[in-house]
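Take a look at this single chain in structure tokens; it is the form predicted on its own.
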Amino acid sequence: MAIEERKYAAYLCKGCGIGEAVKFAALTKVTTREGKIPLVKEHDVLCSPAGLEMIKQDIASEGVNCIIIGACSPRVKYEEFDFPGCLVERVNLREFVAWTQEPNHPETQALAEDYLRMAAARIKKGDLPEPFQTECDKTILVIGGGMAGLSAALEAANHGYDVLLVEKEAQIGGFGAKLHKATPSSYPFDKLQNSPVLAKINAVQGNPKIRVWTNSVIETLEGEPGLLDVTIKRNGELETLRVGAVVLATGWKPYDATKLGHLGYGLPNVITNLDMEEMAKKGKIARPSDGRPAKAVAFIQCAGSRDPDHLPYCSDICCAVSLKQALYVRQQDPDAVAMILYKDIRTPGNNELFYKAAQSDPGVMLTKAEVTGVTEAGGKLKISAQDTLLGENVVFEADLVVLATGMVPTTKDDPILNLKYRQGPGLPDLDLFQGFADSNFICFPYETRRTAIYAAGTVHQPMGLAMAEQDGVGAALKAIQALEHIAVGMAVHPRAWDETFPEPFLQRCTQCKRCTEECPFGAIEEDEKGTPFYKINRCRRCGTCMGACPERIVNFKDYSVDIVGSMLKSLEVPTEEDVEDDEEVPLRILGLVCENDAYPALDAAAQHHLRLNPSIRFVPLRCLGSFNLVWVSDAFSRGVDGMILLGCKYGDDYQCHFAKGSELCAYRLTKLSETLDKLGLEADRVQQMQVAISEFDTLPQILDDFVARVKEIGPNPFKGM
């Protein structure tokens, strides 16, 4: 919402060491004269009741509505410095100046003054957000009726939301309903139990908020969060419904055992762990070839898992399942022997107690072994193994071999959702892990790259029933959160407070398609002429489209190419005329930093009172994906000597909150040489660094090394021009 009559004021805090680090009379002078802020006030502790009351009185009596707060980091004291109806710009004088610089040094003073200049430039270009509100259907679609899907449906329904549960099979329950027994879920974790899925089925079927559609699949899903139109094929008939958010919990399928011929699959008495489960449920563990009781049963772990030629990952549950099935063998026949041949036994958490209980059974033998082959001889199965705990090659003899085949997500080679999105019909997945939905595991474990569509259970990652139950609950809560944010025009994570949205000036659009191709979340589509248009409810407000646009036509109310460019141009850049003959002209370097990892890392460095190079002025970006190359021209034409970009780590284990931001920025920088060549500047003056939030202690050296490199290159020849 536009502020009709702007009244500016700046409030400077002297607390937390700021007052001892800089001269406030000079700060006031710069803010008033250069920043053109008519009202500047100081306070010893601005966040105190007295300090806040001073600001509130000026709002009430003077009509102040554009406020600069020169105090602590904008990452703290958010509620204290939130003044409804006012545009507020925070200036980080505590962490970036008082806690990281030499007190009362000329460069410390210059740094604080520059931060106030930039704040004044920014607040004059920004405006109050006006939420983008649309209709919002709050029905939650859950796809998949296994443990994760059932848990998600119940959680959403218990919070008052209508749920449509779609299951492709004739019955709900998934693999969990087909188990003979389940691993224990309560102390002392030593006895098998009935599958907890059975109770979930009864609860779902008895909940009036949940509609269950079996024999149903998703034909298409289109639209945007809050306004999603799903077409479902149910018993051969098509029906289209409106939903708001989606939990994808379609589960897993077993790895194709026909690819495991080297482990004997194809021989009549070599079966999979799923075959074993079915056999136990029928009440008799016997050799399929002749029906004779299996007196010696061998379980081969990691059958196709943790193998670069098959599944490169651990399938999580196989060890616990084999321990459970070994107890099936022992409980049916106390004279039978169960042998578990493993690469490693992995039973984390409370499953460790179950492992110890199974291990104590005298008829359960466990040994580390790399199985090299399974053959049949004399009516028995011969299992060859090496690298055993015995330190030599061994041959085991068994009546029955059970292969612990791994989990493959149902999303592998099947989009399931059939999204009508420009970027494809399914969720983007992790190439490294062959089909599991791409989630930001480090920061937002349920998020996918399709807004308000949350992966749960074994389409998310391999897991057992207990974890799938928790995963379904988490995904349902994320779906609820998304719907509530969308209903008020607010972005979902990670910018959950953000009410701005991209407002492109399409009259200047050249249909270059960079925004539609680079948007990590599929928020931008194209019409028949190639002109982009937004599905705003899909948008995460990262600004990647803003950084991608060569015409600079994408703007947010408080964040745009022009706003950041104005900040960069507002800096005071010293020249030879500003120093004595024997003095060196101080360098001026810009640090464009991601607000998600790099900015908090800088704050953490300050909290540890590490020294940061005073030549660098930090400017927060929503994401490095919003970096626009024009800022390089803006900065260097002003006389800035260098520019360092600090962003999240990218690659297979990326930490970028917006999935592709740092990677896209690095790609754009490969095209930077043309811009710098036109300016006659060296490419090394601009560098991008990857910084994890935990690597704050490395920042001083990273920054000092970059400043040293710029000093080696020499000052910007545009200084003073």
Partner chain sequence: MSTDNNKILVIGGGMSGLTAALEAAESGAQVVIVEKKPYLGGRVAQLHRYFPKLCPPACGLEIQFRRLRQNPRLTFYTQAEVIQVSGAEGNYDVTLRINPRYVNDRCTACGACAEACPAEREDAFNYGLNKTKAAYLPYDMAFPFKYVIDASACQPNCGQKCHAACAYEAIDLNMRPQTMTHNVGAIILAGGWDLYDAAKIDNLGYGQVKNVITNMQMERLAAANGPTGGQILRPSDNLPPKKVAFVQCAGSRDENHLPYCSYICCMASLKQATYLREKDPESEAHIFYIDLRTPGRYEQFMWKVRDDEGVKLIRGKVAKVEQEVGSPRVVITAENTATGNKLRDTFDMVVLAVGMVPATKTTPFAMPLSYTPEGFVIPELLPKGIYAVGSLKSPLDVTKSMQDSTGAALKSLISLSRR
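Rigid core (definition): largest C-alpha set, two forms, superposition within 1.5 Å. Remember, it's a predicted structure, so these values are computed and weren't measured experimentally. Positions refer to the first chain, counted from 1.
Just so you know, the form predicted in complex with its partner chain exists too; it's not on screen, but the next bit is about it.
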(message) Taking 4.5 angstroms as the heavy atom distance cut-off, pick the stretch from 278 to 286, 416 to 424, 541 to 549, 475 to 483 that is near its partner chain in the predicted bound form.
(response) 475 to 483
(request) Just give me the single entry in N393, N158, Q511, T134 that has a non-hydrogen atom within 4.5 angstroms of its partner chain in the predicted bound form. (result) N158
(request) Could you work out which of N269, Q461, T108, S560 is the residue within 4.5 angstroms of its partner chain in the predicted bound form, going by heavy atoms? (result) Q461
(message) Although the partner isn't part of this model, could you tell me whether M689 comes within 4.5 Å of its partner chain in the predicted bound form, counting any heavy atom of the residue?
(response) no
(message) Please determine whether G15 contacts its partner chain in the predicted bound form, using a 4.5 Å cut-off between heavy atoms.
(response) yes
(request) Decide whether P84 counts as a contact residue for its partner chain in the predicted bound form under a heavy atom distance cut-off of 4.5 Å. (result) no
(request) Check whether V30 has any heavy atom within 4.5 Å of a heavy atom of its partner chain in the predicted bound form, and answer yes or no. (result) no
(message) I have P308, M467 and F696 flagged as a candidate spot, so tell me whether each of them has a non-hydrogen atom within 4.5 Å of its partner chain in the predicted bound form.
(response) yes
(message) For a quick check, can you give me the residues of 346 to 376 that have a heavy atom within 4.5 Å of its partner chain in the predicted bound form?
(response) R346, T347, P348, G349, N350, E352, L353, Y355, K356, K368
(request) Answer yes if the CA of E79 moves 2 Å or more between this form and the one not shown after aligning the rigid core, and no otherwise. (result) yes
(request) State yes or no: after fitting on the rigid core, is the Cα displacement of A605 between this form and the one not shown at least 2 Å? (result) yes
(message) Core superposed first: is there a CA shift of 2 Å or greater at Y328 between this form and the one not shown?
(response) no
